[in-house]
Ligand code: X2X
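Presented as structure tokens, the chain that follows is alone, the form predicted on its own.
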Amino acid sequence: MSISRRTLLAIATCAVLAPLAHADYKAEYTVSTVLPSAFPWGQAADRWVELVKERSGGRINMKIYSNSQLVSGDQTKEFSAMRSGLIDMAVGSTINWSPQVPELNLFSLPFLMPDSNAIDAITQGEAGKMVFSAIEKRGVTPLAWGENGFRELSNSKHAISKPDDLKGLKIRVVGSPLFQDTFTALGANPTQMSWADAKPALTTGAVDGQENPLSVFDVARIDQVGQKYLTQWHYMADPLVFAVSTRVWREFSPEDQQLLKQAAEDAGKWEIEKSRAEVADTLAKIRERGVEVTDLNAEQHDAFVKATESVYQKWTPQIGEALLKAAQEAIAKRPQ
């Protein structure tokens, strides 16, 4: 009987303690994004938060802080803040996290990914696993991929169809040295600034142009600040990463870790499909507003590729030759 009592006591104790494992969860977890709900980026975060709340029965609550407000508008500090636990979670850009995770510069290499199948070949293959491993080694747990889209080029001066057209133009770029090197190689004058400062700079003419996905150009109405010329050159894409501070991640039960991960994967897949499906309509709206759109032919595209070869020579050692090779092989084998 004594053994039976101890067994019953153990069972009862487990029954009491099991729910308490979740009592230590925060009442609310912070989720950082750069762009709000008007953009696909913000919508990806919205979807993740909704799915987690629904599937956890309200046990796990997440609140989105857009416009990089948790890092005073400096999006390049987001990863460090998450690593230290100051930010719980994020749907972040590979560009913005690249200062802390050099391997993420892979996606910023100019003209590496010619189409969406190329992006998928990297993120869903061995190269994607290598990138996630690099993130994890630096104190952040990556869960799933999202998408910010191909970044296109706009300016207020003239149509751009060849590298020489960029000479002397002041182009706003994000806080990544690789972008500086790319636009310098093309003869432009790259100027680094946060997105919060970019639109005012375009308005005053402090900079002549910028590069961003079509969704950003459209929703932010970049055409209203003199950006009348747009070149579709697909020079790079900007995958998003759903991630959790590893310090915070370890606080969740294995079951809730899986819940968070599956919700992120589902939100990412939904957002990628949605954002790709909207590209044609977005471009049509931009054209309707009087923006002159230039599409490069194969010869023009190759001229830009050749002009930026030096960027690969400089950045491959920092990114890692094995990672770049895995990405290039995946792209070569992608479905056409």
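These figures come from a predicted structure and were not determined experimentally. One rule holds for the numbers: they count along the sequence shown, beginning at 1.
Not pictured, yet referred to below: the form predicted in complex with this ligand.
- Taking a 4.5 Å heavy atom cutoff to this ligand in the predicted bound form, the contact residue among Thr231, Thr123, Asn212, Ser245 is Asn212.
- The partner is absent here; in the predicted bound form, the one residue of Gln75, Ser98, Thr141, Gln227 having a heavy atom within 4.5 Å of this ligand is Gln75.
- None of 88 to 96, 111 to 119, 163 to 171, 261 to 269 except one has non-hydrogen atoms within 4.5 angstroms of this ligand in the predicted bound form; the exception is 88 to 96.
- Proximity of Asp238 to this ligand in the predicted bound form: non-hydrogen atoms within 4.5 Å are present.
- Contact check for Arg83: no non-hydrogen atom falls within 4.5 Å of this ligand in the predicted bound form.
- At least one heavy atom of Leu35 is located within 4.5 Å of this ligand in the predicted bound form.
- Although the partner is absent from this view, Trp48 stays clear of this ligand in the predicted bound form, with no non-hydrogen atom inside 4.5 angstroms.
- Contacts between stretch 148 to 166 and this ligand, counted in the predicted bound form as any heavy atom lying within 4.5 Å, involve Asn148, Arg151, listed in sequence order.
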